[in-house]
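Two versions of one and the same chain are coming, encoded as structure tokens; call them structure 1 and structure 2.
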Structure 1
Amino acid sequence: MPRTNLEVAAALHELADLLEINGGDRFRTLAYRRAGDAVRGLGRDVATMTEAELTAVHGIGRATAGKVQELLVSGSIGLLEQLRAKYPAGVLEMTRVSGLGPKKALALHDALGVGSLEELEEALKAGRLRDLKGFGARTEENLLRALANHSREERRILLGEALGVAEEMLDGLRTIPGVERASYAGSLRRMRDTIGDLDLLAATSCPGEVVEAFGGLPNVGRVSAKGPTKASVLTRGGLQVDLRVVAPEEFGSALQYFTGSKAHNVKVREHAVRMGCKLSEYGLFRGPLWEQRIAAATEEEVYGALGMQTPPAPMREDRGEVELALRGALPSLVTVRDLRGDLQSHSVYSDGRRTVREMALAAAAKGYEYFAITDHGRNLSVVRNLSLEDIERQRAEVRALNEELAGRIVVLHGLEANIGMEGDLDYPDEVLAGFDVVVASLHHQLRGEREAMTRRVLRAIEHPAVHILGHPTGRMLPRRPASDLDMEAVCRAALAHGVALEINANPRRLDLKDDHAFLARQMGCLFAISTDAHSPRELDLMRFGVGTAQRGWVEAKDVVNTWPLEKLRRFLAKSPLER
């Protein structure tokens, strides 16, 4: 059976994880992870590519391309099979529990013989970890909570991966004769950060034929259930996709129903009842026997018949959106079209994969007015970073590039500064003051106590050179949890010091997460939605950050990179602003 991009990427990530458990070179481990990310983001089927074509892809070197070819040709990777034989599968699964990385998982296996999630739970409940070096009673408590969460989340995939699969399935679905409209629904349409099963909806007058043809789409590995108007399949990558087929005149009410959330739908149906109506996936009805359908064709028609604005799908979580929609008072949410630039990206000066010029030209091609290069400061030792000489050389390069581009796009010379243990940054104040934009971010020692972690972040926010707090909690989906921060205190400080809170658009971060963005909006904070792009392709990740911002009800007026360059420069100069 041909290997899909997701399967190849999963094998490369597993190889990286096992190498890390095995104590392998961290740069080699990182190379396999980057190659997995690159394969997952390819715009074509990896099985159709030659080794030369693979090595031309940024993020894939000769060694990793060879491993991809080995997997495609033989069905396995020799090194991966050796490592699988050396470590029980459960040890690798243990590393995916938040707070339990490769070193700790291996320590538990060596010291206690723990080799599965079940054995880990038994050891935790028996208190066997607290006497081990590097663990303790508090670690046991945290791991028990993380294990409970893991059992709920283990079948979920990241938003970016899910959307890629959904769009591929929709492309296939729309080629089936008789399909008039099609959309994804569920938590994916609401832009949740992780997704369980995919929900697709199709409008057609010939449901049986569409259901039958859906099971034969190229990405379908197995049909697990099928009926007259619905089907469940597993993709070749193992993801469950549920299709519901409806009549064209019912598409809007069905899309509203299957988008959810459940809590939102309950609130809307309660309002319908108060109006003397009945709302279901088949439409909005009234009459003694509910025989009169008054709306169903579009979502706008359904909500309009209920006397409501149509809440954007990411808002539908019963956070008050129904009440606002009834008053005609929904916020004007930020959209991708509102953005005038990107304020965090990386080049070959640190861990990016393209030059400053290549990144700037890619941003210009997206129609941006401005674009910030923010390579890593010198205190982040795990990647290449900016020396003082690099800073001057890069600043001169940016200056020359702006002269060359002559206003086509303005490149801002920025820095992603590392927040130290005491809230300190990478360089003396006079060096920091020379950057156009400074993003301060947590990158290491992320598991401290709440008070200490919050104090560390507040000190960084208070630094006069800092403009943006980057990926504020440091989480990395699905394995690294957010740092324990007093987010209300962080928001108050950001508001007081004129620092924007980043919503990092990389699907592995989406940080601020939606509920933190919701809180920050309520407190009046400013935001920056940034891709943290390390290659031109990653500039396309912006829609995930916007989706998260929409889940937090963030409006365009409060996002600094929706502002014209002149207003942005006033913000960067810490000048008073009209909101």
Structure 2
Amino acid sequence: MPRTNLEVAAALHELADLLEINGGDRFRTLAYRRAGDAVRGLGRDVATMTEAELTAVHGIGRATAGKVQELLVSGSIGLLEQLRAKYPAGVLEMTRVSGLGPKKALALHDALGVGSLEELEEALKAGRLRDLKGFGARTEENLLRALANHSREERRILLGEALGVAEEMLDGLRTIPGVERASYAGSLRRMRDTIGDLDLLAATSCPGEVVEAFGGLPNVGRVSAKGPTKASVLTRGGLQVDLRVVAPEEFGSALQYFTGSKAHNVKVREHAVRMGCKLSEYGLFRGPLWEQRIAAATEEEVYGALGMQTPPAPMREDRGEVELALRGALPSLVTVRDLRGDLQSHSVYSDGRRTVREMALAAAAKGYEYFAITDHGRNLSVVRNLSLEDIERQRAEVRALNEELAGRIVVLHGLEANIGMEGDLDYPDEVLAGFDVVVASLHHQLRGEREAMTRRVLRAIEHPAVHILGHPTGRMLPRRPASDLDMEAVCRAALAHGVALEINANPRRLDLKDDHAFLARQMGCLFAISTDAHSPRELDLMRFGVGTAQRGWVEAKDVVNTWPLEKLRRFLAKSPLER
């Protein structure tokens, strides 16, 4: 992952936050925040972009491009340093405490000299906030609790875990009398890799009762806000859950609103305004007093009335999907149903939990046409791996299995090769050539310099036996960061050598991640969406990989494991330059 993008985005966000605290034109702060978002979502490395290329990015203009250059050249931004000198870092940290925003943080800093979370706690305990204008006993109480929960509430959880909790909460919600429909929305529905909170939507004609009953569900710890249309609660595990309740006939517009993203919503609502309409969670309205409701029941109806196609939820990040939907030009994204097989999995020959046969049967039960077993090569010494004899034995086993399962599924004999320090692989070329499919992946020494890491990966991509680059950046959520790679160079090489980039579907990896998949798709790369299953159950992780691919706008035609076996075999058999 190009670390510089994250650093530049962080600087722009900090600039926006500090400008907001400082006061002044709020649209200027909005502009810096949007620019920061744009940089974060950029697959390309900002450090390699010219000022003209930067300015061409939506949301980045001359001023911001200049500041980015300033940061990259001198290591800092003058305006940001001025603001940092004016407000200690703790003031920014304070605005992240729930219930504290820029205005109150500024008041605390100016009136009481509070400049850190510790000082805030002291001031609270000494009762010094009480006689401050705009602060009272309740605020004091809420802030003390928010401070205590601060570190826990800041965390984002992984997509896979979030989905589990959401389904449990939805089950509870659906048992509440009067709930006609319920769905999850927010970043979970958009399939982001990490989830800040759960957003649940319910349709009912008795909202008050539903909100009340929701607060009493067994998994709910504390209710932090509650009104006639919504509630915010914390689960016993400390996860925030936002419930929104609407009338059944508003379910579509409410789902559109609550699914987001915020940037997507703003863009769609601006379009509604240009049409002389108003869009909110209650519907699309027209007329001098907005008394005419044009659409609300379904998302399709709402988008349709706006003259748009309905973008799949994972696309709704304001990366250009609104413009395409208006022109009726949305790409048709890959779906789970398009997939004909899984091209990375493990058996007891390496660190998998089941035999090749058990894995193959499970894959067949999923309705797949083909399935690759890809155990680890011998250079990955930390786990059981394939000796030369193992390879022969496993090949025979696969051959027998293909006779036994003929007509049900075709098993491909694959390998997950380990990319060494010099980009070298586990076996001599003739051994590698004996596999039906070779996935090459980084597994160790992931913290090298960008140039060295990129060189290793490029060498592997250039190897004639390699078909797929597995979990390209090696990240492991939530802690192990991505290797520092020049992703543009990786994509270029993959394209040139006909190597597919894996989108690893395991929720701890999701690698390529969404932004990189978006870049790779733009560059015309091929993909393989693979579960990397170590047990039959893990074959079900595919949906997370597909969601990530959709976030990168990946189409089925560019995903090799949507291809019929015949076409896939041609891809696997061809020499790299023909692929």
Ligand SMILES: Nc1nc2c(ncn2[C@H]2C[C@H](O)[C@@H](COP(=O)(O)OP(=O)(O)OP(=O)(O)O)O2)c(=O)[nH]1
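Here, rigid core means the biggest group of C-alpha atoms that superpose within 1.5 Å across both forms. All residue numbers here follow the sequence of structure 1, with the first residue given the number 1. These figures come from a predicted structure and were not determined experimentally.
Q: Look at both copies of the chain and name the one that is the form predicted alone.
A: Note: form predicted alone is structure 1; the other is not.
Q: Taking the rigid core as the superposition reference, indicate whether the CA of L519 shifts 2 angstroms or more between structure 1 and structure 2.
A: It does not, since the L519 C-alpha is displaced less than 2 Å between structure 1 and structure 2 after the core fit.
Q: Using the rigid core as the reference frame, would you say L568 shifts its C-alpha by 2 Å or more between structure 1 and structure 2?
A: It does not reach a 2 Å shift.
Q: C-alpha of P102: shift of 2 angstroms or more between structure 1 and structure 2, rigid core aligned?
A: Yes; that C-alpha moves by at least 2 Å between structure 1 and structure 2.
Q: Rigid core superposed, E140 Cα shift between structure 1 and structure 2 in Å?
A: A shift of 36.4 Å.
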